[in-house]
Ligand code: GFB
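In structure tokens, one chain follows: the form predicted alone.
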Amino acid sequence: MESLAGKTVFVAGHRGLVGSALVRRLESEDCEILTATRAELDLCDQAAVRAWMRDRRPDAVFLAAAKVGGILANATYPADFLYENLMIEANVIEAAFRADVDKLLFLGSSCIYPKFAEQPIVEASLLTGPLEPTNEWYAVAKIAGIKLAQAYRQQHGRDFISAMPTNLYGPGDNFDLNSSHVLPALIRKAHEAKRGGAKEMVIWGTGSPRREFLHVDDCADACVHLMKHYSQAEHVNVGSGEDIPIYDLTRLVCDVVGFGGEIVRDPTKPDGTPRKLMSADRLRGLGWAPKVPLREGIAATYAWFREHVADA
């Protein structure tokens, strides 16, 4: 599928962070974009998904729909995270097979990898060790999605592929301090510290752990690139290939936001995994590289946050 022009493309999960970025990216592909809200189509309803896919028969499917949440949500609702994500991916992949969809891309998560995987993490690290316990329910479901795509490729010859994004951020992110990931949380904390005239801003731990970040528009662009140019069973990491210490990230966010107070580290709070960086070699070998520098991406995300969240 070297071109999406003239194709009908279904984006499952179009209201989410990745799904909405995919819709933005596909608008330049001269294709018909299909979407469905949860009220219009319950992806956990097998019969409904089969009927919807049979009636519309898309040429390509981006499976970005998922039940997502942080550590607290995973610990509180393990059955929901496992069941709902298994149902979503199983129903969409099976229905895509029945409707003779030409190509499907399944979106996973970097949490599929073992907790102590060697850095940077290569695709072959999958299933080589125990998972991080705090999000294993979500991780197990995502691993099942990868294997399901591989199984339909092996048994039925379907061109179903998988992509594993790193930590994503951008417009449409979750900025709730109780459930958001580190980058949007830092943006909100810095903004509120600046607005409140605070002299300092506290971050958890030593600030030494290193994390990788990718703007969601780069992720969407990478997924479209894979849809056009990749057709193998093994999943592909989608990341920047670079990481940054959390303390340095905090300084960068504060600089972008305009908070000039002191950054205070709280060593009584946990640091988490010292480093989590995915290898980007395979994706680079396919001719794709990110375009959005971290500082520029943070500035654009902060502008979106101010318009849609802080001042809404």
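Residues carry their position along the shown sequence, with the first being 1. Note that this is a predicted model, so its numbers are computed, not measured. Throughout, rigid core stands for the largest set of C-alpha atoms superposing within 1.5 Å between the two forms.
Just so it is clear, the following notes concern the form predicted together with the named molecule, a form of the same protein that is not shown.
Looking at 215 to 223, 151 to 159, 123 to 131, 105 to 113, the stretch with residues near the named molecule in the predicted bound form, meaning non-hydrogen atoms within 4.5 angstroms, turns out to be 105 to 113. Contact check at 4.5 Å (heavy atoms) against the named molecule in the predicted bound form: all three of 74, 135 and 209 pass.
Only one of 147, 194, 228, 181 comes within 4.5 Å of the named molecule in the predicted bound form through a heavy atom, and that residue is 181. Residue-level contacts in the predicted bound form: of 186, 95, 141, 88, one residue has a heavy atom within 4.5 Å of the named molecule, and it is 186.
Shown alone here, residue 203 lies within 4.5 Å of the named molecule in the predicted bound form, counting heavy atoms only. A residue is said to contact a partner when one of its heavy atoms sits within 4.5 Å of a partner heavy atom; residue 246 meets this definition for the named molecule in the predicted bound form. Shown alone here, residue 270 lies within 4.5 Å of the named molecule in the predicted bound form, counting heavy atoms only. Among heavy atoms of residue 174, none comes within 4.5 Å of the named molecule in the predicted bound form. Residue 76 is among the residues whose C-alpha shifts by 2 Å or more between this form and the one not shown once the rigid core is aligned.
Once the cores line up, the CA of residue 51 ends up less than 2 angstroms apart between this form and the one not shown.
After superposing the rigid core, the C-alpha of residue 31 moves by less than 2 Å between this form and the one not shown.
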